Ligand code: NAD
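A lone chain, given as C-alpha cells: the form predicted on its own.
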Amino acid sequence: MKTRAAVAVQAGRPLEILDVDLEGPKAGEVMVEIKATGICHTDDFTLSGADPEGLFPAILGHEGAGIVVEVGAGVTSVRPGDHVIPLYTPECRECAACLSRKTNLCTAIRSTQGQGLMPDGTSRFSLDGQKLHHYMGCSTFSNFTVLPEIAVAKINPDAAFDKVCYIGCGVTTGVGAVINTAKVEIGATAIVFGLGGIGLNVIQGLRLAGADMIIGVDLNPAKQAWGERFGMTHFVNPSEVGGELVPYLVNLTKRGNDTFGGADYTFDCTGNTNVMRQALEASHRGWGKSVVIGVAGAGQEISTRPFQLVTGRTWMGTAFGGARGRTDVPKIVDWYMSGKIEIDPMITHLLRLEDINRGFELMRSGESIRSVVVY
C-alpha cells in the first residue's frame, strides 16, 4: 500500500514529503494508522548527522499515537480498532532484561531495531524499490507504519491522539525519570537543567512526587513562566548568576543546619556534557543523585573528579524514564485522563505533515515546547 511520509533522505537536509510503499504486517507485527506525532529533539539529533546510529534514507518519528488497522499472524494483545502508542523501548516480558525487573531496556529486538529494520531483518518501507530504514522501531512520521506487537501499548480509546502522542516519549521520559529512576521522595530538593519538553515533564514529575524545592535552570528567561506553570519553585538563569553556577546552586539549596548544600536530586535535560558535570556537582554530598536524560553527540564524554563520586554522589542514566512500555504507558495515559498530569499546555503548535520542517525550526529556536503533526 501507499502511505504519506516525511522522509529523511540524508543527514542535514530538510525532510521530504513523499508517497512511499508500505508492506503489510508479518507474523507478530501490527500495522498502525498514525493519527498524531510529536517532533522531538531526538529526531533532530538524528537528522543532524550527530547520531552514531543514524541511518539514511529513513522515516523518522518515535512519538506517536494511532489506531491498529491490521495485525499479523499470532498477534493476541491488540486487534484492529484498538488505540495504541508506538514504543521505541519495547517490552517483550520474556528476555533476561524484562524478567530481571531491574531495567526497562528490553533486548528482544535491539539488534535489528538499531539497524533500522524489523525483527526479521527486512524493512516494510520502500521508495521506488529502494529500502527505507525504520527509525527507533517506530517511524511515526508516516501516516501508516508497521511495528512489532511488543512495541505497541494499548491505551484508553477516549484519549485525544494529538495530546497523548507526547506520552510516547517526552512525558514518559521526564515524569518517569523522577518516579522510576530517581525515586524522588516527598520533601526532596531538586534541580532541573534545561526547561524544554523533557525538563518541564521532569518538573511536573517532581511536583507529583511531592518535592519541596524545585529549581529550574535555563538560559532562556521565557522558560521561567513555563517552569512555574508546572511546579517549579525557583528559576536560575546562569547568565545572571555573576559567577560560577555550581557554588551558587549549592548555596541556594542549603537548609537548616546543612553546611554542605546541594540538591537531593539533579536532572540534566540538555545533552550538554558540561552541564551534565554541573548537575552532578550540584547534587548533595553523601547522597545526591544526578540523572542524565539528555543525549550527547557521537564521541562526546562526561568527566568529573573522582572525589565527587567518592563522597557519595551517584551518577545515573535513564532511557524512556525507566518505563516498561506496555505496562506503564497505559497508566500514564490514565494519569492524564484523570488530571494527575498535564499535557495540553505543552502542545504549543499543531501542524500538517507538509509543514513538519517548520516544526523542527520552532523547536530549534525555542519557540515551541512540543509541535505535533496531525494526519
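This one's a predicted model, so the numbers in the text were calculated from it and none came from an experiment. When you see a residue number, it is the position in the sequence shown, counting from 1.
As for the form predicted together with nicotinamide-adenine-dinucleotide (NAD), it is not shown, yet the points below apply to it.
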Of these, 277, 223, 163, 284, which has a heavy atom no more than 4.5 Å from nicotinamide-adenine-dinucleotide (NAD) in the predicted bound form?
223
Answer option from 319, 316, 337, 350, heavy atom within 4.5 Å of nicotinamide-adenine-dinucleotide (NAD) in the predicted bound form:
319
Within 4.5 Å of nicotinamide-adenine-dinucleotide (NAD) in the predicted bound form, all of 41, 169 and 195 (non-hydrogen atom):
yes
Residues in which of 182-190, 148-156, 196-204, 73-81 have heavy atoms within 4.5 Å of nicotinamide-adenine-dinucleotide (NAD) in the predicted bound form?
196-204
Can any non-hydrogen atom of residue 218 be found within 4.5 angstroms of nicotinamide-adenine-dinucleotide (NAD) in the predicted bound form?
yes
Heavy atom to heavy atom, is residue 88 within 4.5 Å of nicotinamide-adenine-dinucleotide (NAD) in the predicted bound form?
yes
Just checking whether residue 304 would be counted as a contact of nicotinamide-adenine-dinucleotide (NAD) in the predicted bound form - the rule being heavy atoms within 4.5 angstroms.
no
Going by a heavy atom distance of 4.5 Å, is residue 211 a contact of nicotinamide-adenine-dinucleotide (NAD) in the predicted bound form?
no
May I ask you to list the residues of 276-293 that have any heavy atom within 4.5 angstroms of nicotinamide-adenine-dinucleotide (NAD) in the predicted bound form, in sequence order?
293
